[in-house]
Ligand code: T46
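One chain comes next, on its own, written as structure tokens: the form predicted alone.
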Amino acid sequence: MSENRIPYIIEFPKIGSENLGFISVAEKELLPFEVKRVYWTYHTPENVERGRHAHYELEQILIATTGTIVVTIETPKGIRTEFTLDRPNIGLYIPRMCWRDIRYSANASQVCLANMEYDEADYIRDYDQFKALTA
């Protein structure tokens, strides 16, 4: 995928009613990649900031299934955007080579859809290295 891809919100269908509850579905027509890995985070203390990295090749969609998650993304072009995930029927697409900082409310749970299996070598954990790679 190209470094020119930008992060954006995906709205998943919300099926149901207040009386019966809802279901949302992430079908392949809505996704910008084929999902190879799914993982979730939960019980993250509010004073902990996660993320703080970028990926060479990995693309992700983050979904806050409960609570609120605030994600600050910096693109390779240096554009910083803050996204608030506070509804379980929206997801944030994060392209490759985007730095992310993530903050969670006390009760937040997150599901992540990824285009690759875990690979430690794909991580860029040093912000100065990220900036040098995207200059």
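Source: prediction; values computed, not measured. Just count from 1 along the sequence shown to find any residue number.
Below, we refer to the form predicted together with the named molecule, which is not included among the displayed structures.
- Of the heavy atoms in I124, none are within 4.5 Å of the named molecule in the model of the complex.
- The named molecule is not shown here, and in the model of the complex it never comes within 4.5 Å of any heavy atom of F22.
- Of the heavy atoms in R37, some are within 4.5 Å of the named molecule in the model of the complex.
- Using a 4.5 Å cutoff between non-hydrogen atoms, R100 counts as a contact of the named molecule in the model of the complex.
- Annotation: in the model of the complex, residues I6, I10 and L92 none come within 4.5 Å of the named molecule through any heavy atom.
- Residues R50, G51, H53, H55, L58, Q60, L62 of 43-71 are found to place at least one heavy atom within 4.5 Å of the named molecule in the model of the complex.
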